[in-house]
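The chain below stands alone and is given in structure tokens; this is the form predicted on its own.
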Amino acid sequence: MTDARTPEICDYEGSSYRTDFWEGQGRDYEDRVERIALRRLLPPTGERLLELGAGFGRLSRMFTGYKQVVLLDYSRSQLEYARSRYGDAGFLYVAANLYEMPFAPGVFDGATMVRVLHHMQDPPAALGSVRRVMQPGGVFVLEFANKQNLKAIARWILRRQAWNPFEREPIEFVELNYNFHPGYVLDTLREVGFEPGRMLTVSHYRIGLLKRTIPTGVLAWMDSLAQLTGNWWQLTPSVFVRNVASGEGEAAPEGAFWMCPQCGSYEMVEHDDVLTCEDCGTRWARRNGVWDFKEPLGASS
């Protein structure tokens, strides 16, 4: 998967993802079971949590046990909506490329990535970027789309799909949409400096007929029980895994939070909604309450 190219980014800027996919679209079951998995795997309190691919903030309210929650997404418009819901107290909104995050090493003791890895063209680079900003011992909860799910296995056996769900290589089934073998994900996590631990299988009953005929609360309760088999087998479309940042990792100067994505400097000075890198002169603006690292203002004169 990794090559010399700059990975492409799946950009939800200006999209109606919130209303077209989630709100009123019959996905209350998926939302509930993902929240159950997060509660089981993520420490409820901490200093600073990074929500990767936070989007419009569907899950962000869950993390208020942390002193600060940083919502990172590539879409400014999604983050602006999240800010309109949650405000600024305890929350920070950052529009940035996940592969080149503007944070100093080791500044987060918690992180989540839900429904995001399946858009990553270069998973080792993406997960390595996450490890860089995690402090040793920090907990990272990752969700990934599982290619080894029962539906895919059945379709392959019946020769209704060409790709083999048991092969470890990721499969791109639609442009910038990937499914992953659990073994590939776990190996990649270890390679970049995480120690995978507890796994939960999620969305066992993601079938339209079941969701229409069984009350959502009952279906979610059934799923909550089935999730507990996650370390035995992984046959669901969604898998959650709890990871601990291992080793020492990089060290940043005491008190550093931002890191210039242009030159890697920690000398970032904030003034009037502008962050200026004192080493390379590049400036980054906060627009509508969202720090915008997609489009720098340019070098200082």
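What you see is a predicted model, and the numbers here were worked out from it, not measured in a lab. Throughout, we count residues from 1 along the sequence that is shown.
This next part talks about the form predicted together with a small molecule, which is not shown.
- Contact annotation for Asn97: at least one heavy atom lies within 4.5 Å of the small molecule in the predicted complex.
- Interface residue remark: Ala54 is counted as part of the site for the small molecule in the predicted complex, having a heavy atom within 4.5 Å.
- Not displayed here, the small molecule is approached by Ser75 to within 4.5 Å at the level of heavy atoms in the predicted complex.
- Using a 4.5 Å cutoff between non-hydrogen atoms, Val141 does not count as a contact of the small molecule in the predicted complex.
- Note on contacts: among His204, His181, His119, Arg132, the single residue with a heavy atom within 4.5 Å of the small molecule in the predicted complex is His119.
- Though the small molecule is absent from this view, in the predicted complex it lies within 4.5 Å of a heavy atom of just one residue from Arg83, Lys151, Lys211, Arg115, which is Arg115.
- The three marked residues, Leu42, Trp221 and Leu228, fail to reach the small molecule in the predicted complex, with no heavy atom of any inside 4.5 Å.
- Listed stretches are 254-262, 241-249, 268-276, 66-74; the contact stretch with the small molecule in the predicted complex is 66-74, by a heavy atom cutoff of 4.5 Å.
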